[in-house]
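Consider the single chain below, provided in structure tokens and representing the form predicted alone.
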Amino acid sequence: MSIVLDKVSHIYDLGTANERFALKDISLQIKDGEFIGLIGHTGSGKSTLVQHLNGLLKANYGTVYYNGEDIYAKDYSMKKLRQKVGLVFQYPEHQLFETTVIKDVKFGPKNMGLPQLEVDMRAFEALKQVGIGDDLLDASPFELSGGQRRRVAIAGILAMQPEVLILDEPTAGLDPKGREEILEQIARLHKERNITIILVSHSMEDVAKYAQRLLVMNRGRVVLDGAPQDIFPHYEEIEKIGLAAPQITYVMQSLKEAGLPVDTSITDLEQAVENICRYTKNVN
């Protein structure tokens, strides 16, 4: 299973004086089971891109394919596509609307026409997966903390058992502990269910730690595509488009320039410590 974008372009305010390209001739394939980090400066086209993956936005030019099918075909079901390709918005308030947490999470599977027992089982399982306890089932989603609202929003998508989960800045505004909890839960879902994850983020540390593949966007184009350890060593190129590499990249590069034969492709803190210790042990 995969998502394929074939020369996709999107233009806002087409035909007006304010006409501008948000996406320019993007062609790429997202394979089944990948964990992708999508990064870029504000206005680079990240949110516009992910909204094309489940049909919320339609390309002005080009085509999007899901599992080999053209999603713009006349008889293609966008409803079924959005059940398989779930999008969690940056602000959970945009997709939470029911009076209680449990009602909100049940809405998706209920709208799929599933039997009530199946709806209940999916909702309870999804809430369990994101760490929401029974004590919050009857609470209003709007009385929860920011981190809890994000978990409920994610659970609402998971209850539909999607094959692809897209998260647009899921940790924005959270404290370090809340950010780590959300990301660890997402990583666990990827590992246990092997669903495709697309994580939109401004945090280089987060995508370096969790993503297997990075898509770097600038001015509506994907300018870099590869594994974190292949992309971040080219930090000067990344800096030119208003981004920065993870802090550990700069540390390892400084050590390399100081004459230590460390691996500058390392982006994980624990691996960096191990690499440095191995060198110092050899010196001693």
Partner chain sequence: MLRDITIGQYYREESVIHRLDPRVKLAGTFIYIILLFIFDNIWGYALATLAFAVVVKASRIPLKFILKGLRPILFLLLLTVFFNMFFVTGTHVILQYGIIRITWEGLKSAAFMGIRLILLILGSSLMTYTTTPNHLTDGLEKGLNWMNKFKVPIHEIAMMMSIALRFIPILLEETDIIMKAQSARGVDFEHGRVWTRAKNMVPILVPLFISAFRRANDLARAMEARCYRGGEGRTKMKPLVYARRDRAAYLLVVVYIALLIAGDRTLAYFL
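Positions refer to the first chain, counted from 1. Because the structure is a prediction, the values reported are computed rather than measured.
There is another form of the same protein, the form predicted together with its partner chain; it is not shown, and what comes next is about it.
- [ ] Kindly confirm or deny that Ile36, Gln129 and Asn194 each have some heavy atom within 4.5 angstroms of its partner chain in the predicted bound form.
- [x] Checking in the predicted bound form: none of Ile36, Gln129 and Asn194 is within 4.5 Å of its partner chain.
Open item on the list: Just to confirm, with a 4.5 Å cut-off on non-hydrogen atoms, which of Leu144, Val119, Met160, Leu189 contacts its partner chain in the predicted bound form?
Closed with: Answer to the contact question: Met160.
Open item on the list: Give me the residue from Ile71, Leu136, Leu165, Leu96 that has a heavy atom within 4.5 Å of its partner chain in the predicted bound form.
Closed with: In short, Leu96.
TODO: Determine whether any heavy atom of Glu19 comes within 4.5 Å of a heavy atom of its partner chain in the predicted bound form, and answer yes or no.
DONE: Output for Glu19 is no: heavy atoms all beyond 4.5 Å of its partner chain.
Open item on the list: Check Leu56 for me: does it contact its partner chain in the predicted bound form (non-hydrogen atoms, 4.5 angstroms)?
Closed with: Yes.
Open item on the list: How about Asn111 - does it come within 4.5 Å of its partner chain in the predicted bound form, if we only consider non-hydrogen atoms?
Closed with: Yes, Asn111 is a contact residue.
Task: Contact of Asn218 with its partner chain in the predicted bound form (heavy atom, 4.5 Å) - done: No.
Open item on the list: At 4.5 Å, heavy atom to heavy atom, what parts of 68 to 84 sit next to its partner chain in the predicted bound form? List them in sequence order, or say none.
Closed with: Result: Lys79, Arg82.
- [ ] Mind checking the CA-CA distance of Glu93 and Val130 in the predicted bound form? It differs by 3 Å or more from this form, so is it closer or farther?
- [x] Closer is correct, given that in the predicted bound form the C-alpha spacing of Glu93 to Val130 is reduced by at least 3 Å.
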